[in-house]
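Shown here is one chain on its own, the form predicted on its own, set out as structure tokens.
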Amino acid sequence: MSALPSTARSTYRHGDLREALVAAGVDLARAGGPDAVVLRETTRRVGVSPNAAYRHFADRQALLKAVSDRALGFVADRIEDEVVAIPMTDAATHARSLLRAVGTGYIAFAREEPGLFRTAFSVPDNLASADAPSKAGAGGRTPYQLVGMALDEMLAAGLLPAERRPNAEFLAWSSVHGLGMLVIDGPLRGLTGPMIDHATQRVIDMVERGL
């Protein structure tokens, strides 16, 4: 009896292998967070030799960076899910709803995908690349840009004084991110779903008053 053909792919069209490795890395991150993203396991899952990965990633950190960027795109997608559900109303109500949608979607992603949420912020970075296309979701915007969009709408609706708009992203982002981390990795892990929902809305209320 002849041996069954191997299901592992030995060749890839240009660009396919990189994408396959990132996808495998995302699966690992989803299950185990950033520490689970290793080159050897991604190549094993894809079905190529470990050396094949080095054609696309210089080292594990480079792969983790790509997976982190992809995870940020997923954060943006979850935020967009909340944004598209906002009904069209007057400018002020819509602006408040948009800010709430961004915060709600952000915390929801942390709760639903803790491994990817941890991975999204596991690579040292700065604001210089916060709007990089590699970090964008399907809608073409990054989480940072979505926060900025909400704040710009608050400004346009007269709910945010112009002198307080510069760097307001820092306040809004820090607040919801802190809650997200406390819920998945800190002392708030024991809160029930309704308690987290309530805390999320209170934090967003706090952000709006602080603006």
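The first residue of the shown sequence is 1; numbering continues from there. No experiment lies behind these values; they were computed from the predicted model shown.
Another form exists, predicted in complex with a further copy of the same chain; not displayed. Remarks below refer to it.
Colleague: Among 37-45, 24-32, 50-58, 162-170, mark the stretch whose residues have heavy atoms within 4.5 Å of a further copy of the same chain in the predicted bound form.
Modeller: Of the options given, it is 162-170.
Colleague: So in the predicted bound form, does any heavy atom of Gly193 sit within 4.5 Å of a further copy of the same chain?
Modeller: Judged by the heavy-atom cut-off of 4.5 Å, Gly193 is well away from a further copy of the same chain in the predicted bound form.
Colleague: Within a 4.5 Å heavy atom cut-off, is His177 in contact with a further copy of the same chain in the predicted bound form?
Modeller: Looking in the predicted bound form, residue contacts with a further copy of the same chain include His177, since a heavy atom lies within 4.5 Å.
Colleague: Wondering, does Leu188 line up within 4.5 Å of a further copy of the same chain in the predicted bound form on heavy atoms?
Modeller: Yes, Leu188 sits close enough to a further copy of the same chain in the predicted bound form that at least one of its heavy atoms falls within 4.5 Å.
Colleague: Wondering, does Val203 line up within 4.5 Å of a further copy of the same chain in the predicted bound form on heavy atoms?
Modeller: Yes, Val203 lies within 4.5 Å of a further copy of the same chain in the predicted bound form.
Colleague: Among the candidate residues Met149, Ala62, Met181, Leu155, which is the single one with a non-hydrogen atom no more than 4.5 Å from a further copy of the same chain in the predicted bound form?
Modeller: So the residue touching a further copy of the same chain in the predicted bound form, by this definition, is Met181.
Colleague: What is the one choice in Ala108, Ala130, Ala92, Ile86 with a heavy atom within 4.5 Å of a further copy of the same chain in the predicted bound form?
Modeller: Comparing distances to a further copy of the same chain in the predicted bound form, the residue within 4.5 Å is Ala130.
Colleague: Can you list, in sequence order, the residues from 65-92 that come within 4.5 Å of a further copy of the same chain in the predicted bound form, counting heavy atoms only?
Modeller: Not one residue comes within 4.5 Å of the partner.
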